[in-house]
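Just one chain is shown here, as structure tokens, and it is the form predicted on its own.
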Amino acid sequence: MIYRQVFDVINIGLVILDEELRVCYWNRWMTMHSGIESKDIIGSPLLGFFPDIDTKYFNRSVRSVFKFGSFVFMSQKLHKYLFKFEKKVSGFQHMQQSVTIGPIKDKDNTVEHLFIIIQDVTEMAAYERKLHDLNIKDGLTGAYNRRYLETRLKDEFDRHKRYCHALSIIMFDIDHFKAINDTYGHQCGDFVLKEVSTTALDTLRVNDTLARYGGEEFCCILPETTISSAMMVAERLRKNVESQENRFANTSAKVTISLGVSELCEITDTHEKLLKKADDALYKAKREGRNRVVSMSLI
């Protein structure tokens, strides 16, 4: 192949397959990221080395290229990657790839081979993820921000209302938080906020949502959760926060939280009402002495 020297120095992967999906060309980029030398794979079926690629979408795409001479584009946003190459960057376990599959025609305009071009877009995907997180997450605590909370709560409310599934909300805030700032300083206050947020994230399930509602107040969305189960989660969270040390510099700033819980029911017609009842329950907990969990029915 007269262009081999060029193909082996470009910073993209290049694979050429025949109609039986046997490898006819495998450039150095592919060797570098797969660990497979070209001499070991050329002449062999690609799927024998990469069985994960053997999907309906890939096979349909290949048939389309050979039959119609069309091009197929696989975006990272939709497909993540074609070849499972390890590359741990900003939360990604595998290299994120943009892939193009196209025809190679002979002088009679017949498709006899296809090419696969693979571009590493992991850094770009990581940057886009970072921008996305900055837009929906609270910069101090790592919890979601209020804007995201309102969108997520409405979506969950609509979904659970439609299918008559359980949905509960926990609102909580840190008791006497102003005293922490006044006594130990705002840096310590920020540290406590982060510690409480971390404890909440560790206590909640993966599919639950924690958001900073404002100041020292947080909101948890618990899908598929009845109020009795939500009360148990809230009590576990209360105990976990109460027991943590929150050591900042040479100071141990122990804190407690008050929590209010509400549950979706038949008469609830807006997500705002669900949130308001949890907030009302929170302030009832504070009036009754703080460091406790209170539920409030929607009546």
Partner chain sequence: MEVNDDSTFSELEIDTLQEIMNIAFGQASADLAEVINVFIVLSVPSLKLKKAVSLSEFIGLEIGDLKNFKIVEQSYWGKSKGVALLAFPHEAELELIAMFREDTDMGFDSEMSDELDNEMLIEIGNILIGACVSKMAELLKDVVTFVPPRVISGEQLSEAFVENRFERESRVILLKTLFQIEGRELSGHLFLVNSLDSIHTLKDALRAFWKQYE
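Positions refer to the first chain, counted from 1. A quick note: this is a predicted structure, and the numbers were derived from the prediction, not measured.
Beyond the structure shown, there is the form predicted in complex with its partner chain, which is absent from this document and is the topic of what follows.
Contact here is defined as any heavy atom lying within 4.5 Å of its partner chain in the model of the complex, and by that definition not a single one of Gln187, Asp280 and Arg287 is a contact residue. The stretch that touches its partner chain in the model of the complex, counting heavy atoms within 4.5 Å, is 76-84, out of 76-84, 210-218, 178-186, 225-233. At a distance threshold of 4.5 angstroms between non-hydrogen atoms, Tyr148 is in contact with its partner chain in the model of the complex. Its partner chain in the model of the complex is not approached by Lys39, whose heavy atoms all lie more than 4.5 angstroms from it.
Gln93 falls outside the set of residues with a heavy atom inside 4.5 Å of its partner chain in the model of the complex.
Under a 4.5 angstroms non-hydrogen atom cutoff, its partner chain in the model of the complex lacks Phe157 among its neighbouring residues. Scanning 58-82 for heavy atoms within 4.5 Å of its partner chain in the model of the complex gives Arg60, Arg63, Ser64, Lys67, Phe68, Gly69, Ser70, Phe71, Val72, Phe73, Met74, Ser75, Lys77, Leu78, His79 in sequence order.
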